[in-house]
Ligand SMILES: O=C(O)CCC(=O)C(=O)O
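This document opens with one chain alone, in C-alpha cells, the form predicted alone.
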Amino acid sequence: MDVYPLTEQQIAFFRENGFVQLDNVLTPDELEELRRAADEVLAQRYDVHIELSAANPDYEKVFVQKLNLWLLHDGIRKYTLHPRLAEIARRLLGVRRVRLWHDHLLTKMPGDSKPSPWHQDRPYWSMSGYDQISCWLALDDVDEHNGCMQFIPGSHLWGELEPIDLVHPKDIFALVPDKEPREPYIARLKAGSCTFHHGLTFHYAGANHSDRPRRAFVIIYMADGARYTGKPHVITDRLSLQPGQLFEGELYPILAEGD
C-alpha cells in the first residue's frame, strides 16, 4: 500500500469538521513493526527534552510522552518520515509541501490514569500560521474504556485560545461562551487506523481503565513556509532560532510535496 486511497469526501469532511478518521492506514506487518519500536523506546528513559512527563508524576497519569524519537530510533524514524502518512496530511491541509514539526509517543498507562482534558494543540506551538495537522495512530484498539480520541466538530473554526494546563485544566468551553458545541465525535479505532486533526480542533482522550497500556504514535506536520515565533517550546528551546526564521533543514524536513 504505497498510497492511501484518500477520497474527496474525506477531505471535505476534514475541512468542515477539523478532523477525519481513516481506517487501516498501516498494513498488519507495518503495525507490528511500529509496535515493536514503540515498546523499545517506552522501556527507555531519556532526558527531559525527549521525555516531557519524566519530571512530573502527575503528568504521567495523563500520559507518558516521549517526543522527537525519529532522531533516536530507526524503527520510529521510518514511520515519522513515512510518505504515505505525510501525503495524507498534505492533501488534507491543501498545501504544496508539508514539513515535520515533531513526533511523539503518547502512552496512557493502566491503573491510576487521568483524562487528557479538552484542549487545542496550536496554542502550545511556536510556529506562525495555522496550517498544522496531527496524525494520531492507534497502536492498540481504542474506545472509551482505554482513552480513545474525541473531537468537537467545527471547533477548528473558533480561533486560537489560551493553552490548557493538562494536569490542572480549566474548562476550555468557558473560553467560547458564544459557541454552541456539537456532540463530541468518539473516534473508536482498530490498531493500525488513525485520525488526523487540525491544530485548532478541540479534542480529548479519557482515562485508561483497561489493564494494558494504550499506545498512540503521533506525527505533527506543518505547511512549508512556517516561521519561528519566539514562543518557548521544548522542540526549539535548545536551538539558536531567531523570531521570524523559517523552519527548514534537517530537523524540519519536507515529507510530502505536490501540486
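Predicted model, so just to flag it, every value in this text is computed and none were measured. Just count from 1 along the sequence shown to find any residue number.
Same protein, other form: the form predicted together with the ligand, not shown, and the subject of what follows.
Looking at residue 121, you'd find a heavy atom of it within 4.5 angstroms of the ligand in the predicted bound form. Contact annotation: residue 106 falls within 4.5 Å of the ligand in the predicted bound form, judged by heavy atom distances.
The shortest heavy atom separation between residue 116 and the ligand in the predicted bound form is within 4.5 Å.
The closest non-hydrogen atom of residue 38 lies beyond 4.5 Å of the ligand in the predicted bound form. At a distance of at most 4.5 angstroms from the ligand in the predicted bound form, all three residues 136, 149 and 218 contribute at least one non-hydrogen atom.
Interface residue among 205, 34, 69, 194 relative to the ligand in the predicted bound form, by the heavy atom within 4.5 Å criterion: 205. The stretch in contact with the ligand in the predicted bound form, judged by heavy atoms within 4.5 Å, is 210-218, chosen from 22-30, 227-235, 210-218, 186-194.
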